[in-house]
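One chain comes next, on its own, written as structure tokens: the form predicted alone.
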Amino acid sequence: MNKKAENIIVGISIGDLNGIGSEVILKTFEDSRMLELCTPVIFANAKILSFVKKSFTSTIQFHGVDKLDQILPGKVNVFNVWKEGVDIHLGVNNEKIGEYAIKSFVAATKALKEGVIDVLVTAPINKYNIQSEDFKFPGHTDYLDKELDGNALMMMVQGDLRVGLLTDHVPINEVSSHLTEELITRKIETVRKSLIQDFSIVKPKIAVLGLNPHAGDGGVIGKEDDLILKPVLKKIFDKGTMVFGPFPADGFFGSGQYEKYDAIVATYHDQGLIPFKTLSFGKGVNYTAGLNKVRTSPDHGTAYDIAGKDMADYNSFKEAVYLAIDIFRSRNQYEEITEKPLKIKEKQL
């Protein structure tokens, strides 16, 4: 395949075939203008997608390929990860379907590592039915953290609202034990670096939410904020990173305080995602920051209850595609800018 510099190849893992993933993917690329921005490659099976599109009105045409060097720009490419038929029962949780979701995801990740695709956008999976002897990860992020270079951090994005997490899929009664100086320092640095190279923010301002109600209220409601978070954040700030907090989480979003910062870092999953999804549901994107490759996904799950009913809103998936493209371009620009001084210095020597 002859690849132009501006022709970004977007790999897409199919997710749970019994959920709404296939529907939001196909609806996104019904708009032919999307093919002017990128070349999509869906990791699945062309015959299965032809079956799925019958559940809603669609005129989309596929270019099925058995080898990744057969990808064509200007087409909706489907890489046939498997050849056999699959029994699809839309809206049903099924372990066999989970196996195919992982086949798609693993194949797409391999293509991402090898540079065959430029970015990866993942459709929703069911975290329960994907578990097997070969795949024992809570979700996409943990697998990507193992397979790619860097340190993964879950960041939810919608416009200028960016919410990162110190801990993600950790039971709430274990969160405090994970909040070490090493983890906090590493996560804040990941957020800082991502804001600079992925979002082109030269001097980012980062807010961190407290773990306990009222950020501990001076130790009255838990001591972690005073004994762990505050000292570590001060050390990070003193080294030049514009990080502030810990802030009481209960009123931080409702008061509009979040608008003063380029990113907000929550201590645990629901503390960050509940306000984020309240403000942005249907348009938000889950971005895996901190890795050497770009991966995004929509902010929703498999939605079995509406699968096959032509009711799925595809805007979050479309935004995930847009964000992946934007970050890919931003990273390339950042690398070009940061490399030029070195080249100039080499010439002078």
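Quick caveat: nothing in here was measured; it's all calculated off a predicted structure. We number the residues from 1 along the sequence you see.
Keep in mind that the form predicted in complex with a small molecule is missing from the display, and what follows is about it.
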Legend entry - Contact residue in the predicted bound form, from V41, V294, A320, A312 (heavy atom within 4.5 Å of the small molecule): A312
Legend entry - Residue contact check: I20 to the small molecule in the predicted bound form, 4.5 Å heavy atom: yes
Legend entry - Partner contact for A303 in the predicted bound form: the small molecule, 4.5 angstroms, heavy atom: yes
Inset, instruction - Answer for R162 alone: is it within 4.5 Å of the small molecule in the predicted bound form, judged on heavy atom distances? - result: no
Legend entry - the small molecule contact in the predicted bound form: N126, any heavy atom under 4.5 Å: yes
Legend entry - Stretch in contact, per heavy atom within 4.5 angstroms of the small molecule in the predicted bound form, of 304-312, 28-36, 320-328, 50-58: 304-312
